[in-house]
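The chain that follows stands alone, in the form predicted on its own, written as structure tokens.
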């Protein structure tokens, strides 16, 4: 009997220990209260649209508001039609120039405004202002400036050379203006991120390098850049995603021309979905772009980890 009572008391004490306290329950409920709305928001506006996009990609247009299941036919058409490879090349061309110049210019500006100058806060605000301006508004303004007869740019060119330029009829100039707009629009965000990374580098590291006789260029490539590797990876990933989302300048300035030479992947998705009414093909292209961006992001992060291990 005594042994039985001992076992019962031991079991009851263990049950009491296993019973969660009211404080722990309250903390758990508070945690779910904070993260729950975020999970719901992500599920509604993130997971659900992706699921619908993947589902629609297996259907093809069969009539007015009619679709039929065709399996992977949209994907096969994408990879068998040279037109879509041209779209990817156009997008990559804009992405390479935009990302490369944005990183270089963003780093230079960040180094300048983190140096010993007055009014650093004002400069940071000035460079960030373009980020909050709508790309559609900027594209419309540039389109007016590029007008052949009354555009501001042609008025200036005429004063200098006496001859106006058909901006929209030149593939080179259309690429030039699209890239310039994208760089100008996103430079502020890149500068702010690099400024945050530069100010986070301990000053003692630079002081130790100066004591060892490190010059400006050596200090930048051997100390500053390695310390910024995580920020560089983050900026690279966001820049790649942003470059694949170029749409407004192409739609409002070049219209994909001349002769569809500046047509990019997102512009094609828009045309397939809203101009041609083929949401199946538009969804298939979106899925392919989604996979490409995921692969590029993973490779970028992997490259950053390898660089960190080497250092």
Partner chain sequence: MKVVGKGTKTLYHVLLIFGSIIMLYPFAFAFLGMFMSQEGFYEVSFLPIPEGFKYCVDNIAKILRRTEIYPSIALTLGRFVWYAFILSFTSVLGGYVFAKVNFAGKNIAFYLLMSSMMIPGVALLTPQYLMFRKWSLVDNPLVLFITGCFSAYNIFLVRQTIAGLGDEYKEAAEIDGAGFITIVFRIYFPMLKPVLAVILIQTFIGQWNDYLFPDIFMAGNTSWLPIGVLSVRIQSDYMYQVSGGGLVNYPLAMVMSVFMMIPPVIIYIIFQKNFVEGLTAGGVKS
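Every value quoted in this text rests on a predicted model; they were computed, and no experiment measured them. Residue numbers count along the first chain shown, from 1. Here the rigid core means the biggest group of C-alpha atoms that line up within 1.5 Å when the two forms are laid on top of each other.
Just so it is clear, the following notes concern the form predicted in complex with the partner chain, a form of the same protein that is not shown.
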item: Distance check, residue 128 to the partner chain in the model of the complex, heavy atom within 4.5 Å; value: yes
item: 4.5 Å heavy atom contact, residue 245 to the partner chain in the model of the complex; value: yes
item: Proximity of residue 170 to the partner chain in the model of the complex, heavy atoms at 4.5 Å; value: no
item: is_contact(residue 273, the partner chain) in the model of the complex, heavy atom dist at most 4.5 Å; value: yes
item: Candidate from 113, 174, 88, 232 lying within 4.5 Å of the partner chain in the model of the complex - any heavy atom; value: 113
item: Option from 222 to 230, 113 to 121, 94 to 102, 75 to 83 whose residues, in the model of the complex, bring a heavy atom within 4.5 Å of the partner chain; value: 113 to 121
item: The partner chain in the model of the complex - contacting residues of 75 to 100, heavy atom within 4.5 Å; value: none
item: Threshold 2 Å Cα movement between the shown form and the other one at residue 249, rigid core reference; value: no
item: C-alpha of residue 264 moved at least 2 Å between the shown form and the other one on rigid core; value: no
item: Is_shifted residue 275 between the shown form and the other one (CA, 2 Å cut-off, rigid core); value: no
